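Heads up, the chain below is alone and in the form predicted alone; it's given as structure tokens.
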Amino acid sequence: MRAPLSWIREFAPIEAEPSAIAEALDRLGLEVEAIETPGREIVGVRVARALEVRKHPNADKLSLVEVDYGDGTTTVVCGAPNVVAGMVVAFAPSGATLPGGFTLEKRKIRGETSDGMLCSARELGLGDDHEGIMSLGEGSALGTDVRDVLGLHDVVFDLSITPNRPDAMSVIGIARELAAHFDVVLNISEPENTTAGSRTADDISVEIEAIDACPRFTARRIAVTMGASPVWMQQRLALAGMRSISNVVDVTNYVMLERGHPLHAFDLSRLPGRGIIVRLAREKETLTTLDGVPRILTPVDLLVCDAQGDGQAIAGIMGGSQAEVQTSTTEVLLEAAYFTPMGISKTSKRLGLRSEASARFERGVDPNGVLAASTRAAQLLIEVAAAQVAPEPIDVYPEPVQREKISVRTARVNAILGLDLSAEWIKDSLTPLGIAIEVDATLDDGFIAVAPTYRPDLEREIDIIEEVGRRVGLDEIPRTLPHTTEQGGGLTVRQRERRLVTDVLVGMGCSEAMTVPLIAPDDVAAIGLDPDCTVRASNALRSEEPVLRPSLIPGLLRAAAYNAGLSRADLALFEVGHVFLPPVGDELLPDERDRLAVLIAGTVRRAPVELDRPVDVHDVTEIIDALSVALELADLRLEAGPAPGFHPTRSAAVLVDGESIGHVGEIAPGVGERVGVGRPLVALEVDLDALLDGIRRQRTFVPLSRFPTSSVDLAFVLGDGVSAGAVQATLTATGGELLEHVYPFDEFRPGGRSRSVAFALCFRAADRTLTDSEVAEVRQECIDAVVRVHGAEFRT
């Protein structure tokens, strides 16, 4: 945001030096990136008039322009296509100096002598417009120093405005902050609903079909006389970084810069139906914007259409070319509206189309300032375009936005800021910012702060405290030592649980890995996921790896392959990190989640204790069991079934409280070989937050029994559809308090579809030694339950 000092002083009569004002802006959170004095390096540039324009005899794209600069006439060579006879221009004769220290000299161009040059806005340091020579208008005396005409003695502050401060995207907003800081009166006169002529709004209409995306829309019918803007308006627009186009368009830009509210003018004669419909776009609907680019739209994009329903503007971003204001325009429909920030932001980012209007709408303009902005524009159009304005605008505003009321406690303000401010001082500091104060009898040491609607960032008490801190001056708040005896400190419960998870994994022999979140589409396809249903980075570090990972396993596979290339094939890796899933519904950002993944490869080295063996799924299910015990989860179990990227018959879903949170098993054949890791590979991947959110077991103390155990082995012939875990759960429920623990220890497949699974059961009583008859009875109950529930056959 570029803010000329003279424009700021129009609303806040600040007498401080520019350096002091810049320091104040920095203290207020409106960071000054640069202080510019556009006319400092301009010397000798005068106002002149083009008397005659004729073609250069030796160049097709050049012209010879005879200019009158007040004290005489001379000829310059010019390449700008917009120069015409009678045009008042900025003339830099030989000997004049332009920004950058460039001094002009008389020289020959293609055989013709050029005594200086005619200047564009960029050559005068007033912006980036280099499309043509800058027109100064008819009111400037020839020979006058151009710095006096264009106000180039002014100072311009180039400010970096944070996204939460839409009010500071206007000259009035900046003036309000400075007026409060320097304790001067803020002079903002609310524009009156001025009319001129007999124009009425009876024959135009406004209909809002998407009220959630456009809560308010106003329209005025205004007859105008097109032409150039007065010099003072061109001057201010140029200093603010915008080029002059025409008096009507310049007024809309001027009001946007002054009040922070974008406006748009439609040529009413080129607007079919002489009315407006605000609606969401249809799938793949196309609209050609003012820059001449056809834009393909989606149903989440908001359109401003004519009364026949044809799109005429992408709401809040850019107008269309059909109803664009032209030199022949005689009547306009002036739009001033409030569009919801998120909708504008989504459309702007998806189309890659940003404008001065979208930069303000996506921050959040003042919904209750719409009519004032429209009225101010009407006033200026009467002044600069001989406008005839309809007496009353059309204003569709079914549900007015209310000001936020926030309870503020004086003690809380002082506790946060480390100060001892009185309630009255706090109230007085907030009032100049437009924050109203209300009394609340229920607050002993506080009050109600009513935030203005041009400050959507003020929602909570802490926001008001921040405003008080800014008014005090963050550099003025003294340093204080914390009260260590009152500090809670420490880690949160969730942080401690996350550390517990990593400690368990390290204790199980795993090493932590940190892999790059950007992967190749082939890596996604290799683990059974659809590469087209992923989130892609438009500016990836490597073009072949543009996908934000939907899973941690591809990264761990690449890490295992790297280690295998260094002859370290036996390894166990784990990673805790973010994965990125496509946005849900109308959300703009990806669905970002925390996952836990483990990958184990190679051989389990146990010699000479026992024989070495390849890793298998039990090595990774053991980790799930260890996590369940450490976190004291009440209901964590595995349910056999296929999963993307895993072996179809050697994988299972991990269920917590009956909900699937991930998968565990052997990596599918071919996946490891593809990246250079031999089989077997086993892995698990679970949603970490869902794991930590699981219901915990009751923490009750059970005294250790001093009586001996009775161990029993039971073997059952089970169908392939019956899991060992389901049988184990049945045995646990049937054994009751006498069953101390149970686990499967053997599986035998004699052929066919059935298999034999053996379970070890340990019985013990807390108060006695179990008799043979008691053990036999509960043993038989367990056998009967498994046969009945699972259709199993007991092996004797």
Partner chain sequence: MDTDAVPDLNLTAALEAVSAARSPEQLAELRREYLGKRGVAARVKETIKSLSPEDRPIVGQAVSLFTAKITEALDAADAVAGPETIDESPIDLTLRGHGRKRGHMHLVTQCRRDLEDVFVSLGYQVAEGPEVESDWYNFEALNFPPGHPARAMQDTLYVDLGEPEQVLLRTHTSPVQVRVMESQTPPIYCVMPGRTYRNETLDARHSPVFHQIEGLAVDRGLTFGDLAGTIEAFTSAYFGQKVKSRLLPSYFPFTEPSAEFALSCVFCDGSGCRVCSNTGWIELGGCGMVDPNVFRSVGIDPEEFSGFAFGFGLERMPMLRYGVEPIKTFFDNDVRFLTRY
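Positions refer to the first chain, counted from 1. Predicted, not measured: the structure shown is a model, and the values here were computed from it. Only the largest set of C-alpha atoms that superpose within 1.5 Å between the two forms is called the rigid core.
If you look for the form predicted together with the partner chain, you will not find it shown, but the lines that follow are about it.
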So which of I109, V450, V604, I188 gets a non-hydrogen atom within 4.5 Å of the partner chain in the model of the complex? V604
Pick from P531, G95, P590, G694: which has a non-hydrogen atom within 4.5 Å of the partner chain in the model of the complex? P590
Is Y562 close to the partner chain in the model of the complex, meaning a heavy atom pair under 4.5 Å apart or at it? yes
How about R282 - does it come within 4.5 Å of the partner chain in the model of the complex, if we only consider non-hydrogen atoms? no
Non-hydrogen atom contact A423 with the partner chain in the model of the complex at 4.5 angstroms: no
Quick check on L481: any heavy atom within 4.5 Å of the partner chain in the model of the complex? yes
Candidate spot A415, L491 and Q495, all three in 4.5 Å heavy atom range of the partner chain in the model of the complex? yes
Among 657-665, 581-589, 624-632, 673-681, mark the stretch whose residues have heavy atoms within 4.5 Å of the partner chain in the model of the complex. 581-589
Could you list which residues of 159-181 come within 4.5 Å of the partner chain in the model of the complex, counting heavy atoms only? T162, P163, N164
Given a superposition on the rigid core, I'd like a yes or no on whether R409 shifts its C-alpha by 2 Å or more between this form and the one not shown. no
S543 C-alpha moves between this form and the one not shown by 2 Å or more, core aligned: no
Could you tell me whether the Cα atom of E399 shifts by at least 2 Å between this form and the one not shown after core superposition? no
